[in-house]
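What follows is one chain in structure tokens, specifically the form predicted alone.
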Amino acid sequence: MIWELELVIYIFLALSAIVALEVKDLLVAVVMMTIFSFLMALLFVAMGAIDVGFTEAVIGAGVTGILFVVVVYQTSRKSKD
């Protein structure tokens, strides 16, 4: 793979991880974690591990992302008054 494209993927990986850790909204954090997982799948495919990349895309970005979104919507927000 072209090293410039890998560098761009690494930069987006770092940015999505930082945003997922620093953001206060749980739904945004879940979306950023899903983006992180999908970028990891792209990186695995770029390294030649097609089966690992496909599994990461399906399980990491797909199933886990959907489960996290469902869990976030099942929680209630308690504010301090």
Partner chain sequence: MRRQFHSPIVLLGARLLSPYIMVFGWYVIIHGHYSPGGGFQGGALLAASVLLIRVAGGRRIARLQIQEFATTPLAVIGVVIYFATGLVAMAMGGYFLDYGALPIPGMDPDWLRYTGILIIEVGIGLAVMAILVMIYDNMVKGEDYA
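What you see is a predicted model; the values in this text were computed from it and never measured. Positions refer to the first chain, counted from 1.
Missing here is the form predicted together with the partner chain; even so, the following discussion is about that form.
- Between the partner chain and the residues V72, L15, V23, I9, the one pair within 4.5 Å by heavy atoms in the predicted complex involves V72.
- Proximity of V19 to the partner chain in the predicted complex: non-hydrogen atoms within 4.5 Å are absent; the residue sits far from the partner.
- Looking at 44 to 72, the residues that come within 4.5 Å of the partner chain in the predicted complex, counting any heavy atom, are I50, D51, F54, T55, V58, I59, V63, I66, L67, V70, V71, V72.
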